[in-house]
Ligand code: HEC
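Take a look at this single chain, the form predicted alone, given in structure tokens.
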């Protein structure tokens, strides 16, 4: 997530010049280029896949070293970066010899090469997060710590809330539900100088939450561990600690649920345009107090009730008047 001062300036200049690389993630890629890139990637899959490891292209290659760098085209191709040639991120310099040079493991193109504008927007959020404020932790974080470029799909493309939750929570739980991974980033314990802080048990620290596991399958960690949405702007990378996290149930479980501006924001927009209201997306995925009501329908129903009462009163008044008139005529 770190971008130094001079790189900020370069990024701003590139944005001003409309650098094509900065728009790479948003601009559509033509099908011919996609097919060409995927054809080129077949050379990588010859080793870096289950099939390649099972049947090496060369007998003298130690395939056991590839266990942590295996990737399947069925997983990579649908991802956001799946339209790209592997060599666009992995330097071509160190990948001509087999096995690859040792430097090839670390020399990859940084995210800012294409995503400088996004990094400029998100880095202040990250700097305000608990991950950046704990001494010794910030320096260990990169974009890849939480985001897997070979798998991840942006929320707008993924659409299905269940898939969005599974993908995003995996990035959190990979560390916070694994003592081994947590230890790689953990600072020294306050009460145990020189020793790593132990990972808090995720079930214990969430025992206040009714049916915590059901929540983790339905909403993302960041729904509660990021600040309130302000002016329809979600601070998705400003991760809050347990003291500052959201603990009010009604923040989500109400007609004005923050989920409409968070997890469901793309679905809400589509639904608003299609139907004119957004409550069905909430009803389909969450228990939302008041979500079965719609302001326009409420107004129509109230108007019908008032009209019915007025009709009954008018009918009764007419009958009374007619009855009095008949009695008067009979008395004459």
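Everything numeric here is computed off the predicted structure, so don't read it as measured data. Rigid core: the largest C-alpha set superposing within 1.5 Å between the two forms. Positions refer to the first chain, counted from 1.
The protein also exists as the form predicted together with the named molecule; that form is not presented, and the subsequent description refers to it.
Enquirer: May I ask you to check whether residue 39 falls inside a 4.5 Å heavy atom distance of the named molecule in the model of the complex?
Expert: Heavy-atom contact with the named molecule at 4.5 Å: absent for residue 39.
Enquirer: Just checking whether residue 179 would be counted as a contact of the named molecule in the model of the complex - the rule being heavy atoms within 4.5 angstroms.
Expert: Judged by the heavy-atom cut-off of 4.5 Å, residue 179 is well away from the named molecule in the model of the complex.
Enquirer: At the 4.5 Å heavy atom threshold, is residue 78 in contact with the named molecule in the model of the complex?
Expert: No, residue 78 stays farther than 4.5 Å from the named molecule in the model of the complex.
Enquirer: Should residue 65 be counted as a contact of the named molecule in the model of the complex, where contact means heavy atoms within 4.5 Å?
Expert: Yes - in the model of the complex, heavy atoms of residue 65 and the named molecule come within 4.5 Å of each other.
Enquirer: Considering non-hydrogen atoms and a 4.5 Å limit, which listed residue (166, 261, 240, 255) is close to the named molecule in the model of the complex?
Expert: Flagged contact: 240.
Enquirer: Scan 212-228 and write down, in order along the chain, each residue with a heavy atom lying within 4.5 Å of the named molecule in the model of the complex.
Expert: Heavy-atom contacts within 4.5 Å come from 214, 215, 216, 218, 219, 220, 221, 222, 223, 224, 225.
Enquirer: Answer yes if the CA of residue 243 moves 2 Å or more between the shown form and the other one after aligning the rigid core, and no otherwise.
Expert: The answer is yes, as the C-alpha of residue 243 shifts between the shown form and the other one by 2 Å or more after core alignment.
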